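Here's a solo chain for you in structure tokens, the form predicted alone.
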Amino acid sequence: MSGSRELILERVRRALADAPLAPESPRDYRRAGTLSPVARTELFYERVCDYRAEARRVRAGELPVAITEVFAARGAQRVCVPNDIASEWRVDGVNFVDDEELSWEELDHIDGVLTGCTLAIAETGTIVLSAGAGEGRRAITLIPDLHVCVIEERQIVETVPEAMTLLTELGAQRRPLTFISGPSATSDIELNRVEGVHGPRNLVVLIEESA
């Protein structure tokens, strides 16, 4: 197997020996946002709603109430959470199941999952998870049919370049990254929308306002 691999790579090298060098990628695109924190949050809210996700603005200190209401409205009894989820998010009335490397079969019988995130991007309405504190491993946000994600206003950046810079500064690019833009959805060749193929069909974003 190793010999075959080296043979293929050597043929590729010979084929590309006379190929011109790739040009430098232009770097004159807009890197930083200009919106105020309020406008940035509003843009993110609008883009999330455009993706047919449910977004809610939550006042500081009222997050536990919002979490309770979201799961109660959907009849979610068993909710998976990362082991290091914030203690105040573990509201009464919901049976929280700590993720102890649950199998995919076990996750498939979970009513929903509650996580935080690393950051969010206003221009694209995207949530970024990096398996950091309060986010858990990738499987728990892909298999259950309902994902409730808590985002603090301070975590919202305006542009994708800003997000990539911040991810690098946090060292998050060394971990698996999941970019979520709305509920999982795709379309077949006849443009019929199908939801839930690559992840949860239902996404609820709770945007916690700064105190």
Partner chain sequence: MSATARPFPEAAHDALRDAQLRSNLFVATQTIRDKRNQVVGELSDWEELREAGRAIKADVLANLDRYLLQFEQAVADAGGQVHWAADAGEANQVVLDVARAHGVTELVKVKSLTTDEIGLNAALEAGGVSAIETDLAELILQLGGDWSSHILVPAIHRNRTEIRDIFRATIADDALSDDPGELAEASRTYLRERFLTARMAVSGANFGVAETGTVCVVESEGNGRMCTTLPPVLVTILGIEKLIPSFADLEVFLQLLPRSSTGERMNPYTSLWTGVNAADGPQEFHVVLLDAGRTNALADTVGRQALHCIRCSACLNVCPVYSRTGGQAYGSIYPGPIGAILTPLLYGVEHAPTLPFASSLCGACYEVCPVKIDIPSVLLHLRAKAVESAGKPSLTMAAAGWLFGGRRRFAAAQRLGRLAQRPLIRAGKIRRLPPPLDAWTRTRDLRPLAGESFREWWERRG
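Take the two forms, superpose them, and find the largest set of C-alpha atoms that agree within 1.5 Å; that set is the rigid core. Positions refer to the first chain, counted from 1. Computed from a predicted structure; not experimentally measured.
Below, we turn to the form predicted together with the partner chain, even though it does not appear here.
Remark: of stretches 65-73, 49-57, 148-156, 34-42, the one touching the partner chain in the predicted bound form is 49-57 (heavy atom within 4.5 Å). Put simply, S210 is far from the partner chain in the predicted bound form: not one heavy atom of it is within 4.5 Å. Looking at E105, you'd find a heavy atom of it within 4.5 angstroms of the partner chain in the predicted bound form. Although the partner is absent from this view, P161 contacts the partner chain in the predicted bound form, with a non-hydrogen atom inside 4.5 angstroms. In the predicted bound form, R138 approaches the partner chain with a heavy atom inside 4.5 Å. Interface residues of 169-207, taken as those with a heavy atom within 4.5 Å of the partner chain in the predicted bound form (partner not displayed): Q173, R174, R175, P176, L177, T178, F179, I180, S181, G182, P183, S184, A185, T186, S187, D188, I189, E190, L191, N192, R193, V194, V197, H198, G199, P200, R201, in sequence order. A displacement of 2 angstroms or greater separates the C-alpha positions of H198 between the shown form and the other one, with the rigid core held in common. Relative to the superposed rigid core, the position of the CA of P176 differs between the shown form and the other one by less than 2 Å.
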